[in-house]
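A lone chain, given as structure tokens: the form predicted alone.
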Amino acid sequence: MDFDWPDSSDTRRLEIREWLGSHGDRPTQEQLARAGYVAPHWPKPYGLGADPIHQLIIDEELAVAGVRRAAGGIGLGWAGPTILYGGTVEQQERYLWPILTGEEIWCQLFSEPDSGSDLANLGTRAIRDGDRYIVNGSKIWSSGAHKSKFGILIARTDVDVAKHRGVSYFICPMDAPGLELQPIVDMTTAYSFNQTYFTEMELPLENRIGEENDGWRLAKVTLGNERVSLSGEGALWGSGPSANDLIGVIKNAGGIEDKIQRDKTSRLYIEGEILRLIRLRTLSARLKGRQPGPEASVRKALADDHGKNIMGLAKDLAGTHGVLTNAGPLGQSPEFPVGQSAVEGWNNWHGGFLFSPALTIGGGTSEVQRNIIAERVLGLPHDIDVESGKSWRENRKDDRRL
């Protein structure tokens, strides 16, 4: 692992500071996007082709200057990289700039009521009809779909091959006729999720990314980016407070005397440091031209429980006031010290605590993540696959959509 870090005289830092000086105190999102600072790791003209160290330098310099990039979420983290990887030049030119500028918001249309952890078993159908597809089915846990312009959609285009081989990947306009949203209000009282229904919805051929029936390969690109995104420093899938933020709240309140709570705080700090060092290890591997190894999967699994531990301790530190929605730990502010979270309902300690059980479910359940680590990292025997060698149709004989 490399701990050397470019100092304040690094030419890349000076270049960023010079750019910031020429664009005033608050450059617009459009200006940041055109300069390549919204997604610096993307290739030109959308980014700078920056290596990981350069990306982190940009993050640091913008943070010091108080400059916030508004674009993000599913469009920047998941849809954009997949379009870059498998989209046509026309698709890239149409969709990437509005993602970078934050003009168009995206959602993800992957999970289904009958196929969550086993995503490849999805049953939403997209049947080719000339230069269009007719889509029928349902998706669930569609975060932010009610605010989105587009969604990334995977649907089954061939039922007579193995489940991983008959899937295609689409760009879905969220205002398409035949698409209906049903709100899902979680226990934080936030309207963040939806169930999405497709009834004879039409998608033009040009909305397909990649080849027909090659969508699972592209979905894995999306899921890889998702799991990296969900393993960020914040407790709530990369958003919200970190362990250090909670420790800062504790210090500001004068510390704690309870030995059990002090022990939990120490453990939180250790967990946060382990996750930080795993991230640096991954970064070092990338800089040396190696693909990240098992540490990437391990980090996702650890980060889920770590987030729940942060929010659980914060609620414990509120004491009897923890039953109130407007109480923070140790009588401090109910709001996160890092300001507003990226998602409704996650901007205070109470809402974050209520949402935290979802951390070990979203982006691949903890059970699935541990199976991946056991089989692909530790080399333990795979579960017996009773569906092996059969087509999706053969395994879903009772599915009324056949």
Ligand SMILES: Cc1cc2nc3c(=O)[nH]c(=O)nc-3n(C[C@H](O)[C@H](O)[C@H](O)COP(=O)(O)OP(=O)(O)OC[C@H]3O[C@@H](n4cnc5c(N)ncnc54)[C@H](O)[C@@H]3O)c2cc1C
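Quick note: we count residues from 1 along the sequence shown, nothing fancier. Everything numeric in this text was worked out from a predicted model, so none of it was measured.
Below: the form predicted in complex with this ligand, not depicted.
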Among E30, D51, E60, E367, which has at least one heavy atom within 4.5 Å of this ligand in the predicted bound form? E367
This ligand isn't shown here, but in the predicted bound form which of Y95, F198, Y133, W237 has a heavy atom within 4.5 Å of it? W237
Each of Q55, I99 and T282 having a non-hydrogen atom within 4.5 Å of this ligand in the predicted bound form: is that the case here? no
For the chain shown here without its partner, which stretch in 357-365, 61-69, 22-30, 37-45 has non-hydrogen atoms within 4.5 angstroms of this ligand in the predicted bound form? 357-365
With a cut-off of 4.5 Å between heavy atoms, is F110 one of the residues that contacts this ligand in the predicted bound form? yes
I74 near this ligand in the predicted bound form, any heavy atom under 4.5 Å? yes
Look up in the predicted bound form whether S142 has a non-hydrogen atom within 4.5 angstroms of this ligand, and give yes or no. yes
Non-hydrogen atom contact S117 with this ligand in the predicted bound form at 4.5 angstroms: yes
Sequence order please: the residues of 144-167 with a heavy atom within 4.5 Å of this ligand in the predicted bound form. none
